[in-house]
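Quick heads-up: it's one chain on its own, the form predicted on its own, in structure tokens.
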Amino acid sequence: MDVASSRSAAGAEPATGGAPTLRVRGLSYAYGKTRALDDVALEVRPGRVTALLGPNGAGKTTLFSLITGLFDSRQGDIEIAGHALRKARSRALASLGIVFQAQTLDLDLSVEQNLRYFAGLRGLPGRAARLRIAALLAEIGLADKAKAKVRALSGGQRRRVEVARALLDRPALLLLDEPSTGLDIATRRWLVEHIHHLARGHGIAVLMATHLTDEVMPEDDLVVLHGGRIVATGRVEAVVRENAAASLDEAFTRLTSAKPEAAS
């Protein structure tokens, strides 16, 4: 598939207005001599879910590590909410919420204690934090678990708490790295629906990494990553059409079945 043609087709139906909340340009990264990302460029706009779809090992987690500042690369630029990550790191990261693939809650603290601790790290005043925590727990259906130890929660409930934590200080950009890993079908469905509700209802820009095509909605913006390179980008229907496929699953299989070309 010609990536440029997919972009052109997608451009016929522009995403929600406003400047992109996340801009990535010319981003490359290597582990020693192994190129993990090669000239990656993408945009994520407010009020939209962008699905970063790629098989395991495609480079999704490496990309997230660069966007969150865990890794650094001199090859390329990252801008979050108008702030260049390299030049204004604190301002850029202040606009970011993240749900990692691995669960990161303190199991021996209560749900409320976990959230209050994070609120303190983000500089939220006590009363504002308490109100925000109560509202978020109600929204995710865990108001009755505020005092429960995280250890006593199911995996799905823990993931809901992590989503709430990422939203505590109302980020402009929400990153989710394979957020459904290890979850049952019902919780996966809730998570995908809630993510889309957040984008539509609150104007949050969402970038969700996944290797599962059934987590991508027809209205989503799509970036397909394979072997560290973007092989397709655009609205879902455009990517499917440009690959002469009957479904996203078929298009994804075609795009990722070939061995990636060696990076130059």
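The numbering used is simple: start at 1 and walk along the sequence shown. Because the structure is predicted, anything quoted here is derived from the model rather than measured.
Below, we refer to the form predicted in complex with adenosine-5'-triphosphate, which is not included among the displayed structures.
- The closest non-hydrogen atom of residue 44 lies beyond 4.5 Å of adenosine-5'-triphosphate in the model of the complex.
- When adenosine-5'-triphosphate is considered in the model of the complex, residue 57 lines it closely, a heavy atom lying within 4.5 Å.
- Residue contact with adenosine-5'-triphosphate in the model of the complex: residue 157 places no heavy atom within 4.5 Å of it.
- Residue 36 belongs to the set of residues with a heavy atom inside 4.5 Å of adenosine-5'-triphosphate in the model of the complex.
- The partner is not drawn, yet in the model of the complex one stretch among 234-242, 214-222, 59-67, 193-201 has residues with heavy atoms inside 4.5 Å of adenosine-5'-triphosphate: 59-67.
- The partner is absent here, but in the model of the complex a heavy atom of 101, alone among 113, 101, 73, 95, sits within 4.5 Å of adenosine-5'-triphosphate.
- In terms of contact with adenosine-5'-triphosphate in the model of the complex, the residue from 162, 169, 79, 178 that brings a heavy atom within 4.5 Å is 178.
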